[in-house]
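A single chain comes next, written as structure tokens; it is the form predicted alone.
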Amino acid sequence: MTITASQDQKLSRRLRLGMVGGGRGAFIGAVHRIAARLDDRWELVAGALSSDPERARLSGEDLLLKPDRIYGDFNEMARREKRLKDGIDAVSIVTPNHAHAAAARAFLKAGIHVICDKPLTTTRREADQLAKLARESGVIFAVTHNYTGYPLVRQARAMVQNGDLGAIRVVQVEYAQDWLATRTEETGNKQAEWRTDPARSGPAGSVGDIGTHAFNLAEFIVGDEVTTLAAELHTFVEGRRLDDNAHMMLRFASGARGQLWCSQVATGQENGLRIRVYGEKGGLEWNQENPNLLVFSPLGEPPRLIRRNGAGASDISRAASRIPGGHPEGYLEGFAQIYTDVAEQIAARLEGRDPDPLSLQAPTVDHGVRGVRFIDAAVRSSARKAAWVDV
């Protein structure tokens, strides 16, 4: 692996991580903490883990944080950590969507690197403002589109870039789940509750939650931007305030055409993220529920199966792999790759050297902006009866 904790590092310590959100009762916070520790490059030392001060305190105690590094709010945390000699190197923002922008601004202004969950913000204006502030501050700003960290997703991207598929013609991407097939938000499920609340989730439901992943995956692998789209957002569960299903047509800058389907009412689907890319010389297919296999179909030849670090795998795929072939590797490791990429970038700055080029594949604030623009375009298009709109 190119970027691992086993490499000789000049930096004689783990990088110090803070976290906003992710306290008691949260799902994604624990995922981020596991991912950050997986390659032994980070140590969680501070947190504002809840908007409720008492829950924040108890959550910090659960994670064995020192009492003076447990904060009641993220503004206090940003101010104090900036002043500390051993202050955090980066902050991980894992709150519901509506709180991303304010928290990110606080740490950007403090000159602290940011790792933010997606979607970046709930409005285009806030997303553009954050990107501008990130550029002005000069800090590293990563967005955890974790599926870009999978070895064979990076392999697929490299194969497209290398011309193995020829000019891209068609992109089919889908993300199907069934966990919101009923009024789950009324059962006490905290994750369903905020994701279906426009005040916290933003203007879209399934489009913002999982559609953004499908959109990001398509642009990442193809290496091209969607310029226009036509979308129909629909709410199947009666009384729900946000979409739980969407169908879209996509037009890429290169002239390629695509379709995107996202649904959280697809009965029988657990986490069905799937992408197929077809070019003039061949096609690729990858499925997140079987992530260690990439199908490459050259025109006029039998399909070839490429395994994560087996025959046919490139150095790019092996660089993002941690365990021997035949052992499943996936969701947590995908998140971990983003954290390790960012750790490499930060360590390179501290050591006064260039980062490993492979670490620069981590999604940035600009990819986060693309996701917010995608959501905005999908909502606008659907409101206009699936009219074509610019992204």
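On a predicted model such as this, the values are computed, not experimentally measured, just so you know. We number the residues from 1 along the sequence you see.
Another form, the form predicted together with a further copy of the same chain, is not on view; read the next lines as being about it.
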Practice item. Run the contact test on 67, 123 and 239 with a 4.5 Å heavy atom cut-off to a further copy of the same chain in the model of the complex and return yes or no. Key: no
Check your understanding: Tell me which of 74-82, 124-132, 244-252, 219-227 has residues with heavy atoms within 4.5 angstroms of a further copy of the same chain in the model of the complex?
Key -> 244-252
Practice item. Classify residue 352 as contacting or not contacting a further copy of the same chain in the model of the complex by the rule of any non-hydrogen atom within 4.5 angstroms, answering yes or no. Key: no
Practice item. Give a yes/no on whether residue 107 approaches a further copy of the same chain to within 4.5 Å in the model of the complex, heavy atoms considered. Key: no
Practice item. May I ask you to check whether residue 150 falls inside a 4.5 Å heavy atom distance of a further copy of the same chain in the model of the complex? Key: yes
Point to revise | Contact test in the model of the complex: residue 297 vs a further copy of the same chain, heavy atoms, 4.5 Å | key: yes
Review point. Who in 100-125 is close to a further copy of the same chain in the model of the complex, meaning a heavy atom within 4.5 Å?
Key: none
